[in-house]
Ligand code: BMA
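Presented below, as structure tokens, is a lone chain in the form predicted on its own.
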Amino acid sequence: MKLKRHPANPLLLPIPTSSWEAYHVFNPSVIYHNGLFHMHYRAQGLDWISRIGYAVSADGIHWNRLRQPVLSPQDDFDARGVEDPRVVELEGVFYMTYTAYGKSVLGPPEIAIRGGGILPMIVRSQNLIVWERMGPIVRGEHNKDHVLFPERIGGRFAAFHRRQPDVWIAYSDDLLTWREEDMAPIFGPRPLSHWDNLKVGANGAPIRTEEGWLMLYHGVDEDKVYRLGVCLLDLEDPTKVIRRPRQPILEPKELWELRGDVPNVVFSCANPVVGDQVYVYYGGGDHVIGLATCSLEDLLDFVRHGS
């Protein structure tokens, strides 16, 4: 089973006359709320610093975007950019996880990283436009590819994150304190695989099904090619992998995926389910935004029976 690319691809392009999104727009988050698709996307402009833009759509294909970013660097902790947003609605509040690329790290000096840090940050909003910073999931280490579960697990909030090269899970009682003892690895690269043998990381928010958490993820091989895969995790204990097919569901093929600021990349931060369709929005070549879709049942069937 392969995801089917939309014929209108690429859906979103840079705006050459914009100072902050002139070069690249990519790696979007998309959620479906009140009958509309809401996109938050990473953009790079004349200063090469990443910011988060916002766009809205009635059909998920044609987008109207704000002229100004909704999230920009605030201080040394994200001075080099705010990257790769992933938004979920959780108990009536919108939460965005994003990667803060900074000149320094949030952590004690004894575990500081020379030259700056890559931090998994969380912000929250009531309206998807104005965001309030909450803090990082971990401190003092390079960590990213984090996304919140759309509901509590065992009474606690949960999030994927990556301690390279593996996908980890973390739990919190309040989304502010994330203790080391509440973190555990889930799965890592497969040495004998041709497409995810170097590192893996979470994509969009996991999808709850009766059979388990359906998780889309990205894998990278030794040639630095980024592809998308899927697996099924236990509902009560997501560290238990029920099924993980060996084959990817999307790999670079189109010219704008094979070439770009970073070549050979399809990278997703969003997989909302609308009706019976899974909408996988992704960055192609770290340059533009595309869409690929499939039915939820087809995706589950691939996980059940795929090789």
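One-based numbering along the sequence shown. In this text, all values refer to a predicted model and were calculated from it rather than measured experimentally.
FYI, the form predicted in complex with the named molecule isn't displayed, but the following is about it.
J.: Though the named molecule is not shown, can you say which of 31, 265, 43, 250 has a heavy atom within 4.5 Å of it in the model of the complex?
T.: It is 265.
J.: Wondering, does residue 226 line up within 4.5 Å of the named molecule in the model of the complex on heavy atoms?
T.: Within the cut-off, so yes.
J.: Taking the shortest heavy atom distance, is residue 144 within 4.5 Å of the named molecule in the model of the complex?
T.: Yes.
J.: Is it the case that residue 298, even though its partner is missing from this view, gets within 4.5 Å of the named molecule in the model of the complex, heavy atoms only?
T.: Although the named molecule is absent here, residue 298 would stay clear of it in the model of the complex, with no heavy atoms inside 4.5 Å.
J.: Please identify, from 265-273, 32-40, 62-70, 251-259, the stretch that has a heavy atom within 4.5 Å of the named molecule in the model of the complex.
T.: Looking at the other structure, the answer is 265-273.
J.: For 85-101: residues with a non-hydrogen atom within 4.5 angstroms of the named molecule in the model of the complex?
T.: Residues within 4.5 Å: none.
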